[in-house]
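The data below hold one chain only, encoded as C-alpha cells and taken in the form predicted on its own.
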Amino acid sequence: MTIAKSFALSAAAVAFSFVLPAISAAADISGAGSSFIYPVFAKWGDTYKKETGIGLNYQSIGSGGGIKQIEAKTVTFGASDKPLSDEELDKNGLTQFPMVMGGIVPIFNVEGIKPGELVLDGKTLSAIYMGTITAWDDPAIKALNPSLTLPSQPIIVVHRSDGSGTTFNFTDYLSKVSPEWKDKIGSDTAVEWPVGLGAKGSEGVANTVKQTAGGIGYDEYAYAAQNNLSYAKMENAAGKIVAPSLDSFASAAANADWAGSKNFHVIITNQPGDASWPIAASTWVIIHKAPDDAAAVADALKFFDWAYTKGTGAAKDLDYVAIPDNVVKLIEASWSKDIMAGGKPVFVAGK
C-alpha cells in the first residue's frame, strides 16, 4: 500500500475545503461531484498542473451535487458514481463516460479488531443497516467471525447525508443481496435510512466512524486506508471471503460489457467470480455535448486523455482500477462523435 506516500490529505483540511486550488484561476478546469474519485483527481490535478500549467478546480460535493452543477452549467464537467439514464442525458444534452473503477468497503471502529480481521456478508450488512442487528456480538456476526472476540457493544450506523453515488452503489448492492432491503428501502443516491447518523461526503463518513466507538459506515477504499480506518472483508457472490484490493476490484470489473452498453451504463456490484469484490463501483464524467465554452471543454478532455494514458500509475497507487485501453479507445471515439462545437469535434484524441 502506497496511499500514505502518494497522497496525504488531512482530515482537518478537508473539513474546511474540498477545492483543489490552482495558481492561475483563469486556466482552471472546473468540475464538481463524486467524493469517491476525489483522491485520484487530487493527485492527477497536482501532477497535471506541474506538467502543463493548467490547474484543476474540483469540488468534492457528492455525485448529486455534481449532477446539479453540470446541468446548471456552473462547471465544465460533473462526476458521478451513479450513471445517468439515457433519458436524463438526452433531456439535458449531456454525455457520460467512465473515468476509474474502485471499491466501496464497510468501515468500522471496534477496539481490538484490526483492518481485515472482521468478516461480513451481504445479508448481515443489510440487517445492520436495517437496524435489526444492533450489537457487535450478535450471533450472525459471531458466526462469520468465530475466531474474534466481539464486544457486547451497540452498533452505531453511519451513512451519507448528501446525494451520493457511493450511496447508490452501496444500496444497489444491498438491494441485490436482500429482498427486504430492495422492497423497503431500494437504491438511489439518497434513501430513507431506517437508522443511523448522517455525515456529509466520504470524508465526513470516515471521520464520523473514526470518532464513534462501535461505528460502522461505508466508504471508498482509498479513504479507509488513508485515514487508517478498519475495514471488513466480505463474502462475495461466489461465496468466497475476499479482501478489498486492486485485484479484487479488477476482478469485479472484468465482466463489465462497456462495448455493448449504451452511454457506458454499467453497474459492477455483486459481480460473479471467486476473486471479485462485491461492492465495486465506477465513476463517470458527465459533460455537455454542445458546450457553451468549447475551449474549456477541450481543456477538460485533454486532461482526461492525459489521465487515461499517463495517470494510470497514480490511479493504481491509490487502489483504483484504471480504465482498460480498449475501453479508452471507445470513450475517445465517442468524444469525436458526441461533443461538438460549430459542427466540429471539440477535441480529437491523438491529434
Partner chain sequence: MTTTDVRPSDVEAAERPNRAKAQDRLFLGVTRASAALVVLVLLGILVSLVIDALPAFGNFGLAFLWNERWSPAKDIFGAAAPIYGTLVTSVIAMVIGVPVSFGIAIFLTELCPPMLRRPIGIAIELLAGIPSIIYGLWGFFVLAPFMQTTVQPALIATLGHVPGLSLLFSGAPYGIGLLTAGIVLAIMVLPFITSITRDVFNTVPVMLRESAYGLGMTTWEVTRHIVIPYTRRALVGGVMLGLGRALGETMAVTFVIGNSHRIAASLLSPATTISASIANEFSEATSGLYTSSLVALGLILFVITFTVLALAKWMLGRVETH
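Positions refer to the first chain, counted from 1. Bear in mind the structure is a predicted one, so any value in this text is a computation, not a measurement.
What comes next is about the form predicted in complex with the partner chain, which is not displayed.
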Checklist entry - Using a 4.5 Å cut on heavy atoms, which of A190, I113, I267, V177 is close to the partner chain in the predicted bound form? => result A190
Checklist entry - Of the options G93, P151, P272, G198, which one has a non-hydrogen atom that comes within 4.5 Å of the partner chain in the predicted bound form? => result G198
Next on the checklist: in the predicted bound form, does every one of G62, S161 and I185 come within 4.5 Å of the partner chain, counting any heavy atom?
Outcome noted: yes
Checklist entry - Only one of 228-236, 116-124, 162-170, 93-101 gets a heavy atom within 4.5 Å of the partner chain in the predicted bound form; which is it? => result 162-170
Checklist entry - Closest heavy atom of M130 to the partner chain in the predicted bound form, within 4.5 Å or not? => result no
Item to check | Distance check, T208 to the partner chain in the predicted bound form, heavy atom within 4.5 Å | outcome: yes
Checklist entry - If you check in the predicted bound form, is K68 within 4.5 Å of the partner chain, heavy atoms only? => result yes
Checklist entry - With the cut-off set at 4.5 Å between non-hydrogen atoms, does I156 touch the partner chain in the predicted bound form? => result yes
